[in-house]
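In the form predicted on its own, a lone chain appears below as structure tokens.
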Amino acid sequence: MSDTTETEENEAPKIVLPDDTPVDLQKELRLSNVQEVLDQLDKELIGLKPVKTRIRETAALLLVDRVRNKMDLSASSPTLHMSFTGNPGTGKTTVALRMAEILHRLDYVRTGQLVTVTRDDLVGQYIGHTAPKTKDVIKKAMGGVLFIDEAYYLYKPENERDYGAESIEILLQVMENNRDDLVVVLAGYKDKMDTFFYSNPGMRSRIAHHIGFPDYSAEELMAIAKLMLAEQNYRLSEEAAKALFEYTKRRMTMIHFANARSVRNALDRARLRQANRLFNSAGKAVTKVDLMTIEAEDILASRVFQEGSLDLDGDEGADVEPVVES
């Protein structure tokens, strides 16, 4: 008798589960600890309901796939390369970080790390530099998520000597051949990303999920501001809250507005003004409450409240006309 026949005889018979075998998906969800990440995402980010819905749908797909594999319902791994489009400060990087955690907890990737890069990290300035730079980044990100911010800068058709196309070709190969061990997220402004995908059909065909990140409303930005302050043991007085809301509405109509990022910068400067105000309080005793409270004057000192001036998130001295929305 041959070794092959003997091996086949010694194999345990394959167990085929009945079609009506019950499945407890909620138990699988608890065992994966994915709900913890989803809850953290809700806590970290105000609004963004459509984005959170897509993330939950992706988590559900991977969870069901894992259960299917346990029941010998084999299927190829879903392609999860993504495009995140939206203005700055809308939470794209935070969502990518949480997505990496979800993918790891559901065994789609090995490490769950997030590696964030831009064109400068991938493209060299001279012949022969781009391939090793791109491959080094991919090697570092393998087993997790590679987040390429402002990905459209990889493609510069107007420059014949640009090496971004070489980086794109390498990425395309890896996205196809290693999709079960690396998820690539391309991020940037929607109009520029649309142009990028139109000019790069190979990249467009490998992106299965396009997620748009809407701008925040003034009310949502206020809620974000209060969360940011609470994390640092600060709070707004009633009048300061009114001043910040007015600041936010004005700032939203000006150029270089970056949603939550602009709000964070405004709060950082308000803290500077608060500290200066407390030091110059002419010997007045300062209490714990004083140290915690941002007052209206700390907000109203911004040049956003001066006619025709623009707060450039760190450079308030620029005289630029506000952008008039149609």
Partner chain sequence: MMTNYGNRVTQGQFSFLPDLTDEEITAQIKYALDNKWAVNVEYSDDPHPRNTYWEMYGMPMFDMEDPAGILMEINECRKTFPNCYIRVMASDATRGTESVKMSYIVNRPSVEPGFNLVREERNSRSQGYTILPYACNKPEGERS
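These numbers were taken from a predicted model, which means no experiment stands behind them. Residue numbers count along the first chain shown, from 1.
Beyond what is shown, the protein has a form predicted in complex with its partner chain; the following relates to that form.
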| query | finding |
| --- | --- |
| Option from 207-215, 230-238, 134-142, 246-254 whose residues, in the model of the complex, bring a heavy atom within 4.5 Å of its partner chain | 134-142 |
| Candidate from Thr93, Thr111, Asn200, Asn87 lying within 4.5 Å of its partner chain in the model of the complex - any heavy atom | Thr111 |
| Candidate from Glu220, Asp162, Asp181, Glu169 lying within 4.5 Å of its partner chain in the model of the complex - any heavy atom | Asp181 |
